[in-house]
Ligand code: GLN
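So this first bit is one chain, no partners, the form predicted alone, shown in structure tokens.
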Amino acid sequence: MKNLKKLLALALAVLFVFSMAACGKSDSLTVEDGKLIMATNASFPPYEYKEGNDIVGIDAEIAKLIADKLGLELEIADIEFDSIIPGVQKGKYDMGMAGMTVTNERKEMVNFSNSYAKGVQVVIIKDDSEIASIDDLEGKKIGVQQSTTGDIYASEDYGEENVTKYANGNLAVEGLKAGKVDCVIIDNEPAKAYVKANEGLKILDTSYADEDYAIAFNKDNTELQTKVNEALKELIADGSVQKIVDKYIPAE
């Protein structure tokens, strides 16, 4: 009888611990109450980049409007691009927003919002490069930002052995200037910024790939995904998103 009481007491103690853990686990919409924590990689102008200590750009401004609509304070974490999805999966960040393309592989790991922008992958070359079209990339050394779609596509199309992966776009461009790679595959908008800032570089006339940008969420947090989609829909409908895009990407 005494042993039975001990077993019952132990069982109740275990149930209590689990119930306390469940209670301790916040039912909050976000990782931290009152905040919307966005993971990004702030080396992808004009979507996200640094001005002094501030992270600015298209994604930063859209995220701020979304946070305002949800009554939350936006906090931006600047991390390596290939750490964004793992961080969102682990619940360290509420969402990942970094000019991120929706791919089938990524959809297996995270949920995505509706698309808020279109991206185009292009090829940066030196002015005197012998590369004149996409067809000339075969056998060339290609620089990419690690874990981006430029990396994924180039590795699939031309083989891992021909692709050099850099932590960010700026380092890839420096690799091109130093002659370590023959070209860099990256999104059109940052490509234009890099070419403008570095004499002797240009962009091939033909695009490499077209894609949709969206926000990544933990698969377990469909409530946040739904609320962000609702906010995003309103911001697109009232012209706020387009206004931000036009601010950073003036019509040519």
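Residue numbers here begin at 1 and follow the sequence given. From a predicted model like this one, the values you see are computed outputs, not experimental measurements.
One more form of this protein exists, namely the form predicted in complex with glutamine; it is left out here, but the text below deals with it.
- Contact check for Glu211: a non-hydrogen atom falls within 4.5 Å of glutamine in the predicted complex.
- Glutamine in the predicted complex comes within 4.5 Å of no heavy atom belonging to Glu189.
- Under a 4.5 angstroms non-hydrogen atom cutoff, glutamine in the predicted complex lacks Phe217 among its neighbouring residues.
- In the predicted complex, glutamine lies within 4.5 Å of some heavy atom of Gly99.
- Between glutamine and the residues Arg106, Lys140, Lys165, Lys126, the one pair within 4.5 Å by heavy atoms in the predicted complex involves Arg106.
- Stretch 142-150 is the answer when you ask which of 175-183, 67-75, 156-164, 142-150 has residues with heavy atoms within 4.5 Å of glutamine in the predicted complex.
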